[in-house]
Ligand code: 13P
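Below you'll find only one chain, the form predicted alone, shown as structure tokens.
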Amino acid sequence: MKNAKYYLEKAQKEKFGIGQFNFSDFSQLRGIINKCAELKSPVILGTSEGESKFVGLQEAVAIRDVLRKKTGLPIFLNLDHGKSLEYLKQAIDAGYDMVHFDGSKLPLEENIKITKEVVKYAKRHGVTVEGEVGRIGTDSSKLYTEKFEIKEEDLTKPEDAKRFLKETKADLLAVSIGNFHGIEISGIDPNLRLEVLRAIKDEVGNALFVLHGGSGTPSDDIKEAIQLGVVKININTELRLAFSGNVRRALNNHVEEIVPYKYLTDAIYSVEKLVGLKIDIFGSANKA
């Protein structure tokens, strides 16, 4: 099977996006993979540090291997928002295909320094590296009852992006262009700052960009971002909401049911439905 970098470059060339869908439960994972297999879409499975510690690094790799063999799909596993070189090394050693070092809260010099170390270690193992410049709002997935305010100083500066990629040789760059983790309670977040993405692209050229906080982002904005070089779109909050909402409803409707697979069926289907909608927006169907 071709590696993750191959498919990300294919996405750039053919102007589609690959969804990174995060999971912390096998039922969520079944919903993701069922729909990707049906639509023949490549997929990146994401686990944050917290999610990976809950699932287990080696366990996540083993599950990926089983699903690859069963489906024949290009399925890749990414350590999302890794905060330390030590933990990223553990993920690489366990067999992750990709790692994301989130040094966005560090001074640029320190971010570059650690990312270079991550790249050096990852390349020895054939692992793809994602770096991040600019601060993507919030630290966790949640619903916001009030309009989320994007700070101008948190947006990715084109000159910083250029320096970062030149010095680190990271494969992908996560950018801050008005995106944020979580979702506004309306279900639709403010528009992306696509003019910022255009300025970054003009400065760095043919780079591979990542859009974090894809949940709730207007579909037209995502499609335009893909045309400007975004090849990976991260979805987590919407999956959590769909899954947990259906579990709550199932338990409320079947208060005496104690067999998990009977009340998880609708939750799995809700994940399948959402993933199908995202694949349609990203244009990744039949790209496996």
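Remember, predicted model here, so these are calculated numbers, not experimental data. Quick note: we count residues from 1 along the sequence shown, nothing fancier.
What comes next is about the form predicted in complex with the ligand, which does not appear here.
Residue 236 is the only one of 28, 52, 236, 41 with a heavy atom lying within 4.5 Å of the ligand in the predicted complex. Checking 182, 158, 190, 95 against the ligand in the predicted complex, a heavy atom within 4.5 Å turns up for just one residue: 182. Judged by heavy atoms within 4.5 Å of the ligand in the predicted complex, the contact stretch among the candidates 83 to 91, 214 to 222, 112 to 120, 147 to 155 is 214 to 222.
Taking non-hydrogen atoms only, residue 270 never approaches the ligand to within 4.5 angstroms in the predicted complex.
Contacts to the ligand in the predicted complex (heavy atom within 4.5 Å) from stretch 10 to 48: 20, 22.
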